[in-house]
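Shown below, as structure tokens, is a lone chain in the form predicted alone; questions about how it binds or moves come after it.
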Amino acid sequence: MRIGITNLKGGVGKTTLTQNLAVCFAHMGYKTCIVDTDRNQNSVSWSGARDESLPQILVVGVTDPKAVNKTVDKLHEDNEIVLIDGTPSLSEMTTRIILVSDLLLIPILPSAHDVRAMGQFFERYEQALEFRDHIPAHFFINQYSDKYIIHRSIKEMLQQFEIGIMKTTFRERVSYLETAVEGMGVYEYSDKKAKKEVIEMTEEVLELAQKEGLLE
């Protein structure tokens, strides 16, 4: 299964979601790797900081859009799950990530500004649907809190795009920042609430994958 994690906007949690899903999948026994398409190569650096005693997760940096499809397909031959850490830019790279993915996850922050900024992304998504009939896509709301009315209303605003919305959300927690520095995921950390979020998110992704026939 090839999972694209992408959004044209920066700072929405693409890398956080990618790394934490990868760690959780790896602990569940899935052979998992990451393709890092961002020029900052944060997932590559994260991999370098990862302790050898933890489940190993191959991270391959690819910043040339023309190399994405071939790299992802080759890695998919040897890995059950390939996570594609997207780049925040309106470029050919975004279109290629959409087209090579079996499942798209679109991280977004719970603000009206972030919802309005989705217009350009969906232009790319709709263009990609001209080449493939079905590209399942779902929003993932990051740094969510149900105590804020605006956060709850964001879910209603997202319905205008007529794609799925993940039931699982991540709260704003310092453990997501701390583990990124250490080359870890919150699954491997002391924050039980964050670990629960990531497990629920991973299980929800697996449910989607089974419905789409992407995993046995």
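Quick caveat: nothing in here was measured; it's all calculated off a predicted structure. Numbers for residues come from their place in the sequence shown, where the first is 1.
Below, we turn to the form predicted in complex with a small molecule, even though it does not appear here.
For the options Lys31, His151, His27, Arg171, the residue carrying a heavy atom within 4.5 angstroms of the small molecule in the model of the complex is Arg171. Every residue of the trio Gly11, Thr15 and Leu177 has some heavy atom no more than 4.5 Å from the small molecule in the model of the complex.
This chain is displayed without the small molecule, yet in the model of the complex the stretch 137 to 145 from 95 to 103, 74 to 82, 119 to 127, 137 to 145 comes within 4.5 Å of it by heavy atoms.
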